[in-house]
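Read on for two forms of one protein chain; each stands alone as structure tokens, with the labels structure 1 and structure 2.
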Structure 1
């Protein structure tokens, strides 16, 4: 049973009455239109100088990072976590993969109409370093190089958010805001359709161009809730598996292998693309994976925490058209 609660009140209560050891949420960030994770420990929340307490928690379009990624640091503890619809899918995936016991988690669901993507914001403002930017009534008021610009929030939203079909978290113990209207995402993703319309040579050129931008900083992997291997293949050094040169082949190898591991597991939260400093179009390839899982196996990653994972299940009527 999901009940409506005020974010700060419920957070303070959960920490005070010993229900959880740790609470993970968002606080306003330090750069324009950003939010930062806020990690509160029971017993010490707000007690250190300069350290915020539950009253600092916020949820709005700035809260872009997928906090489920941080859960891995608190294994074995009782944790309350604020999740958007997409984060909740990632969390469901981890429960499916037996990474967390649902009973150890208190899920504070934050219905979400979309989050700001730094990439979309930079495109809308033609700048990634506004002097200031604020969000008021679904409009972004930014000052870039002394010139004021106003753009609709929708222009700065992550493209994935525009067609998100799970805006209201599917698994939540509490809802910290009123549910928002869902969109119908039965149509295939536009970016994937567009890529399929390209010739093979055009697709290869696009892929090569995207991969040539990658500097192998591993931000995509590090912010991904589904990337939790104790040792990533890219970090194996005895013997070394992945190269780190500027030959695009090394970036291709890293990303292709990572995508192989994410097939049927990526929930399309977009955290990787928002974290990428080089503007690599990671969403396109993630959407490919999700589209494949959907059309070939009727599987939506993270939609059902009780279901077996796609890779861990078998249906007699699987088409088997896609074999690696």
Structure 2
């Protein structure tokens, strides 16, 4: 059984005794109910006046960002990283793909009942810029235009958190929060079932509508832990594979090819959708891919770091209904 530890205490110990070179966690963000990455280096964390140290670390529903994406900056170093359940699955995927050696990582698991989505919070408060907001137990206390509003935390949670399949990290050397109750995620997500009920023409119309909003800023790619190629196909110029005009066909090509790369690898952390400035419904297509992998191949991305990746595995009875 993984041992429970206080986040700030174990972080200070790991940095002080040289167990790790770098620690990646969260600190309070600059806007209400937000959190930002905090990167601490052994020997320098909090050593200068005003410099953040382990005492600045936090973990609660504000900590939405998937920090695993930052690991790519520290290859070759011993790194401690704080991960939620979905983040741990992304980490397992990178270990499966031999991007990191598990022995070089100290994983601080953070059981999570859900994180705040800025869009869901704005809907709950009927305001996208509250004057102030604080989280108290399972209630959000906010002041919007001088008027105090109290809403349930559940109203502001990221939609994917409502049916997360792994709330308690499966990979962890220490737990920095108490385990939480797991939800039943055995049935397909509502958005996937709705898409299946659509006709082919309706699905195509929905896809075109979503892609028409994309401005090809590539924010979804930048925050995704699984997008670690040295040069993305979308940035290649010799030959140029993807255009960056306002023609929806360019957005379609980019996302279709990116989703092909994410098949069997996306863990549903929701980082891409939260990062999208245009509100493109990226979750629908990622959920659809994950459901296909689960029902057709019995595969859950990141559930087992020792198993071969879906794309790299083969069984003689694998279905091939996706081929022409």
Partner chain sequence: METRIVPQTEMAAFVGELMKTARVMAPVRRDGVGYFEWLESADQLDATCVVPRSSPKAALLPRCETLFGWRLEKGEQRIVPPPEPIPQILFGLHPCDVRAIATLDAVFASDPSPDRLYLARRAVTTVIGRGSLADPATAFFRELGVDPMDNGGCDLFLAPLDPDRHVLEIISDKGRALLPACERFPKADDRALALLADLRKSSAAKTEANPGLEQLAAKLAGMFESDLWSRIHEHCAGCGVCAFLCPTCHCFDIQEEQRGDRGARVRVWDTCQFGLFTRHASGHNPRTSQKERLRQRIMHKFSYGIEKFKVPFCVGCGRCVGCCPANNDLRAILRTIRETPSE
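Owing to the predicted nature of the structure, the values given are computational and were not obtained by experimental measurement. Positions refer to the first chain, counted from 1. So that the term is clear: the rigid core is the largest set of C-alpha atoms that superpose within 1.5 Å between two forms.
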**Q.** Identity of the form predicted on its own, given as 1 or 2
**A.** 2
Q: Answer yes if the CA of residue 212 moves 2 Å or more between structure 1 and structure 2 after aligning the rigid core, and no otherwise.
A: no
Q | Core-superposed comparison between structure 1 and structure 2, residue 71 Cα displacement 2 Å or beyond | A | no
Q: Verify the C-alpha shift of residue 141 between structure 1 and structure 2: is it 2 Å or more after superposing the core?
A: yes
Q: Fit the two forms on their core, then tell me the C-alpha shift of residue 150 between structure 1 and structure 2 in angstrom.
A: 2.5
